[in-house]
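Encoded as structure tokens, the following chain is the form predicted on its own, with no partner shown.
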Amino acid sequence: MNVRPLKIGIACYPLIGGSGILATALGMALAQRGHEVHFFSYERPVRLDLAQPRLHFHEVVVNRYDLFKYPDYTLPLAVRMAEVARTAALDILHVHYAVPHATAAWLAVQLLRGNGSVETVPRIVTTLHGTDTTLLGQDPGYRSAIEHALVHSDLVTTVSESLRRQTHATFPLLAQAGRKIAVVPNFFTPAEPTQSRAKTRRDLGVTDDEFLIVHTSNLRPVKRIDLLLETVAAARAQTRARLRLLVLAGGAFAPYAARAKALGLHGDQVIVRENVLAVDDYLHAADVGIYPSENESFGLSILETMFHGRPVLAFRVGGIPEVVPEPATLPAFGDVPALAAQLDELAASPALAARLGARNREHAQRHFSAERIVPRYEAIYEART
């Protein structure tokens, strides 16, 4: 499908998290395909490469006034989006997370319509990644505002069918207003490792005969780092002596250090690297990924691990069964003994781990590549301009 070049604004959180990573990867892929892409955030997204042509970043400055107990981000974001939409003639405002981005986009459109300075206003596409529905959508202080922003979006997308169902159940006005929700899954494009697997393992102090587990997340409570540590600790004694856990942390691991020690995970058995941007070297060096989340709308870290040809262990929650090739093998949430048994099996059989990892890579490439997913967003934009 040939899509005419569009001018697209993207608003996202700039932090190390699934939504910001996906939004950044999408914007860069769109720019490579000939579109002009403008990013809005209070900081530059961590993986945004502004050396690439047709990419722009517009910082949103949040001033602090004594009048306000808490600084406001939504209004400065709306004003900035309106200014750029007017001067750059944006066709689309694609916002990731409703709070506050969809509300700010709606306000920006009202500003443009109110001053009559443009003939057409950009269309709003809102992508939900989970928290708007699963957490803030349950909060009466946010729910009606989120629902209003979604109803006034030109299209809402979710990253999984599981999240689509939850969103419809949480915000019934969407169905009443005739607003459909499109499911467009996440995608990932792995980077070539900058050094060999052996070199990365040596740098980590991991020997050839040790089995390296990787976990990468922002360490929010829903990621259940407690269950991650319990799974490693529950492995059989003869296997556990060979196990090493690498946590690529988008937040502070210190709150979990005491729990690791209490479970008998002493010394250098747990390796922590905080705020890592280039995860590919570490995923390439690992033997398995473990992601014991309590809820996961999609699981971008799972997908990243799969693209690097590694087996993945997780619970059967949220959108994870839509990502992995054999969802029936996922234990029920909280079944740590089952997850530990799967870990033992993989650690005892490198051939099995390699076979499952290769299957994961093939599945990820077939269903979740940029070449497959980005054109779906282009079709959404084109249908609304």
Ligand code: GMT
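Just so we're clear, the structure is a prediction, and the values are computed from it rather than from any experiment. Residue numbers here begin at 1 and follow the sequence given.
We do not show the form predicted in complex with the ligand, though everything after this point is about it.
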**Heavy atom of F315 within 4.5 Å of the ligand in the predicted complex** = no
**Message:** Within 4.5 Å, heavy atoms only: does T305 come near the ligand in the predicted complex?
**Reply:** no
**Prompt:** Quick one: does G299 come within 4.5 Å of the ligand in the predicted complex, counting heavy atoms only?
**Reply:** yes
**Message:** So, T126 and the ligand: in the predicted complex, are they within 4.5 Å at any heavy atom pair?
**Reply:** no
**Prompt:** Tell me, which of F188, Y97, Y282, F171 has a heavy atom within 4.5 angstroms of the ligand in the predicted complex?
**Reply:** Y97
**Request:** State the residue from L77, A149, L212, V159 whose non-hydrogen atoms include one within 4.5 Å of the ligand in the predicted complex.
**Result:** V159
**Per-stretch contact check against the ligand in the predicted complex, the hit in 82-90, 289-297, 196-204, 254-262 (non-hydrogen atom, 4.5 angstroms)** = 289-297
**Prompt:** Out of 203-227, which residues reach within 4.5 Å of the ligand in the predicted complex, heavy atoms considered?
**Reply:** N218, R220, V222, K223
